[in-house]
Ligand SMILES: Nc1nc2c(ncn2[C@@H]2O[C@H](COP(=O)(O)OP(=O)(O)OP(=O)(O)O)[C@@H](O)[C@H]2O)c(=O)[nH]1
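There is one chain below, alone, in structure tokens, taken in the form predicted on its own.
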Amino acid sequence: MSQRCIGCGAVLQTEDKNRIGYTPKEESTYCQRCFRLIHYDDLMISMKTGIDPDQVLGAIAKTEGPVLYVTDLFDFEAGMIPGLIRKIGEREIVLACTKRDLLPDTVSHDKIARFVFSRLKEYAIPVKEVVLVSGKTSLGRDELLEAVRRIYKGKPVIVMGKANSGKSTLLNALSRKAELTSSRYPGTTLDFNETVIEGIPFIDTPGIEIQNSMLMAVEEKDLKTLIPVRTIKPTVFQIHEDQSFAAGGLARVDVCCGSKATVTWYLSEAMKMHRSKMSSADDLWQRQYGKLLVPCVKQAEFRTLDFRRREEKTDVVIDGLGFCCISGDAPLIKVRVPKHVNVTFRKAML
């Protein structure tokens, strides 16, 4: 067999059920892994590691065509690829910021777009246009197709981004049919996979591995707790003394408060937040890690980062988990996360 799975792009084969691309039926258009993901949310074979990001970027660099770069607004920092142009060469890029539906409706498109452009400048990523979209609704669909048409010059449009950015979900929304396999699991798309939408060929590519994300640190069964599925409802805390906030057993943010401060958390509604006095936070963590404080990262080595605030409002972003916004009199923030999970301190997004 040399046919490819229309869901993930893997070459179909009938010999080895433990290898990607396996299907028990020669006439099948989907591999068994995609079939079970689509119908039963059964992962079967984990591919959150094993797809070499350098090989993916190298293959994209060798493929002619403009780029539709996809990033997740909720997990924006994890979606950035520093030095992108150096890795794939100069070409026209449209940035699709997915999952706009997760952010509160009270925040304007213009404010979010200004934030995105400012962060793109920080990362030195030049783009022709930015479009805010949702793969679950029609939001931004027509605008994005028009933006793509403006960069389409006859070569297929290469759809790229970090794992879990929503590439396949977005392409399904653009085509108005659920042909490509999409899931919450990193590594769903396994190879280059071409589809045609309104006369324009698109190449869906494997997600670039999110090496420093909390999504890679937790067990896959816990992803449903971390990844939000509906609009985030911010959780607001007014504090008047030093306070500690634990997001399950995954991360802890200690806020050293002067007179008064506000801490607003943006997390999946399934993620449990635990607030305590900073003086008792260590004891709570030691006694309840893996019990009250769940989910957690088993046998994780943690590190603590100190940050002295200068902005009026500061976001503390933990890749793959979410972020909190801190304002008011809180000059020092301490963040405790698993050693390899990335933390960004930035000017507030919302």
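Remember, predicted model here, so these are calculated numbers, not experimental data. Note that residue numbering begins at 1 and tracks the sequence as displayed.
FYI, the form predicted in complex with the ligand isn't displayed, but the following is about it.
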query: Contact residue in the predicted complex, from Pro156, Gly249, Gly135, Gly140 (heavy atom within 4.5 Å of the ligand); finding: Gly135
query: One residue of Val255, Leu174, Ala163, Ala96 in contact with the ligand, assessed in the predicted complex (non-hydrogen atom, 4.5 angstroms); finding: Ala163
query: One stretch from 239-247, 261-269, 79-87, 206-214 that, in the predicted complex, holds residues within 4.5 Å of the ligand by heavy atom; finding: 206-214
query: Close approach of Ile200 to the ligand in the predicted complex, 4.5 Å, heavy atom; finding: no
query: Contact label in the predicted complex: Asn193 to the ligand, heavy atom within 4.5 Å; finding: no
query: Ile232, heavy atom within 4.5 angstroms of the ligand in the predicted complex; finding: no
query: Exercise: Arg184 in contact with the ligand in the predicted complex, heavy atom 4.5 Å; finding: yes
query: Residues within stretch 188-204 having a non-hydrogen atom within 4.5 Å of the ligand in the predicted complex; finding: Thr188, Thr189
